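Quick setup: one chain, the form predicted alone, written in structure tokens, and binding and motion questions come after.
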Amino acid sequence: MKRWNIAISGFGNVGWHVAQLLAERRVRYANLYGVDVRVTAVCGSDRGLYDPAGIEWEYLRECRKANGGLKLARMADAAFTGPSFIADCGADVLIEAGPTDFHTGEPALSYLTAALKQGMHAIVISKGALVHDYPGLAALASQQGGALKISGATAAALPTVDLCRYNLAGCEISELNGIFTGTANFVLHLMMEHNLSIAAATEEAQRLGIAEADPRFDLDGWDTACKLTILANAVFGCRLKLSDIAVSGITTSTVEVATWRQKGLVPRLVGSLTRASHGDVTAKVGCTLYPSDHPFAHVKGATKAIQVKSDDMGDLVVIGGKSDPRATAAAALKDFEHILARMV
């Protein structure tokens, strides 16, 4: 049975769930694809784990972030991290799940570049490197014969890039609109349906663990803009930069909310891509008002959605998908199965 060795860079909540699902699905991979899948390397910011025979899940289970993560792992070593280690670890696939800076793409950019240069397949969950240079990474993967898969970075459980690439293959897509940030949608939902101020709605989202301690990245529209940048370059094949997007976030007042409610309008923080007939793509992020009969008006809570307009298949709307670390990990492993299906 062919071995497939997996390296995971970044072992926070999402990386831990990736390892958990790989362990749970190991029998599935053997039965369906005839492969023996093992996690052989796990990297943190300053140390990692490595065992060419495979790191058992019973050990990785105890390395959960709440337990101190890799910092307290007894077998962790500073030698088992960094781009040079990834290049030499012998993995077939790198799953990148660490925090990254979308201005520089680091540290993920260096990890991914090292892996792709070795002919590894790369599955990307963090957005920074893709925002910084998706076209360059995609070109490198193509040159070296590897796959670059990005579902986890583009709204995760909500199918976005696959909807466009696979379900609409052969069609011309003229427009893409998405509710890509569950936190922003949850805050707007509370404001509209529970008459809360933006401050009170944000505080409730934080209490429930939906919003970060500093929610500005989500509420100001930048999380949506990052996902939109990646989708523009992956779906439309352009070279859009984050700075090319007109971005505004949630700045609504209770007076505006009352007026919208009275008029039967529903606000949603939406990222939009439009391709003109001559091929140019424009992008924007901001609050859009929808009539009550529009599908996006029914996207409530922390739910996400995407609408794609195509020539021959018409309009498609997909709503749903969990917004939690396990769902994000599952989206990455959907990508892994696509690679397996193609390669075995």
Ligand SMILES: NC(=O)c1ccc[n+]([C@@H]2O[C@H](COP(=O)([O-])OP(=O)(O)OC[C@H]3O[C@@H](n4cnc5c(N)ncnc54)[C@H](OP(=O)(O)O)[C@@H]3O)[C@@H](O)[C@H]2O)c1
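Just so we're clear, the structure is a prediction, and the values are computed from it rather than from any experiment. The first residue of the sequence shown is number 1, and the count goes up from there.
In what follows, reference is made to the form predicted in complex with the ligand, a form of this protein that is not presented.
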Check your understanding: Taking 4.5 angstroms as the cut-off for heavy atoms, does residue 98 touch the ligand in the predicted bound form?
Key -> yes
Practice item. Flag residue 285 as yes or no: does it have a non-hydrogen atom within 4.5 angstroms of any non-hydrogen atom of the ligand in the predicted bound form? Key: no
Review point. Do residue 14 and the ligand come within 4.5 Å of each other in the predicted bound form, heavy atoms counted?
Key: yes
Check your understanding: Given that the partner is absent here, does residue 46 sit within 4.5 Å of the ligand in the predicted bound form, heavy atoms only?
Key -> yes
Exercise for review: Let me know the one among 225, 130, 125, 94 whose heavy atoms come within 4.5 Å of the ligand in the predicted bound form, would you?
Suggested key: 125
Practice item. Could you work out which of 71, 165, 216, 207 is the residue within 4.5 angstroms of the ligand in the predicted bound form, going by heavy atoms? Key: 71
Check your understanding: Would the ligand in the predicted bound form be within 4.5 angstroms of a non-hydrogen atom of every residue among 159, 180 and 268?
Key -> no
Point to revise | Neighbours of the ligand in the predicted bound form among 138-153 [non-hydrogen atom within 4.5 angstroms] | key: 152
